[in-house]
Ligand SMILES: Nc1ncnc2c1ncn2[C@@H]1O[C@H](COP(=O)(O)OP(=O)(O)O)[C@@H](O)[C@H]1O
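A lone chain, given as structure tokens: the form predicted on its own.
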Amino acid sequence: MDMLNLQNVTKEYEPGKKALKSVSMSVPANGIFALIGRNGAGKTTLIRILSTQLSLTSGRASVDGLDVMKDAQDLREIIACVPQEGRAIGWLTPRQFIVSYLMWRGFSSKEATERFEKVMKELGISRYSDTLNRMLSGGTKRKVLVGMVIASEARILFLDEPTTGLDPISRHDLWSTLSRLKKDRFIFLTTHYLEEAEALADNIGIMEEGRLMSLGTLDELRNHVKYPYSIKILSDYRAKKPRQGDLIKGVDGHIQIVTTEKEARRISRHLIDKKVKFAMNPLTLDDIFYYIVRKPIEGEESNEEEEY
């Protein structure tokens, strides 16, 4: 059985304003599923629906065979969630916050305390166990929330941008923890960090403007692009469509060329001669994301002297 199934899920907050537009997907019951997309793409809306925090407008969604609308109470017994806007209660310490949460989920005081001590040590924040949450840094507060759900016995974890606010070292430490957890839990992760999805996810979904644009393993997503190499032009140079490949204007305004290795080497020599700043590399998830959310530019004009 698939862990997560969506059939034409739509969420309309007000007439004519749809945050999700007929989203359908089926995700295997193992590992980490990462949902990536820009702000406003619909990631948080979807994770709130799946974790029973928000009702859908139309369509159907189920997690582990449980309908998110009809079986919401049963579903809450097997999931845990870190919302994007979640905050640790400021007037409690991490110990009070996490232990009380675990006892609410049914653990004894002794077992809840043992689980708390273990997760705080694993996340490297044991020294803050008895400090008021409101006195902690933003990154440490985020770790407390993540620790709360990790310490639970929930088989399904919904993590909405869990590494936001963490420094690079803490982020990589959390990656190691999630990689260990995915062996026996299903983790639904949303993130702005494409390298995070590339490093962690067994399956990846790409959303744009409320629609699911693509879904699959990293290798399957690479097959959507057709070309194995990417060149990013880091200046105002007006690039021309390559002989082989596609020209895309990136989300941040830069120009990207996806092409064959041979063509990439030829273009790079031309750019070097022109003293144009660029970066060339094998296709990454970052490149795939730009390609899928920004369609190739057809018939891009350029001056004759700028032809490759």
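The numbering used is simple: start at 1 and walk along the sequence shown. The structure presented is a predicted model; accordingly, all values stated were derived computationally and were not measured.
Just so it is clear, the following notes concern the form predicted together with the ligand, a form of the same protein that is not shown.
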Practice task
May I ask whether 13, 38 and 84 all come within 4.5 angstroms of the ligand in the predicted complex, judged by heavy atoms?
Solution key: yes
Exercise for the section: Flag residue 45 as yes or no: does it have a non-hydrogen atom within 4.5 angstroms of any non-hydrogen atom of the ligand in the predicted complex? Expected result: yes
Handout entry: Partner proximity in the predicted complex: residue 19 to the ligand, non-hydrogen atom cutoff 4.5 Å
Key = yes
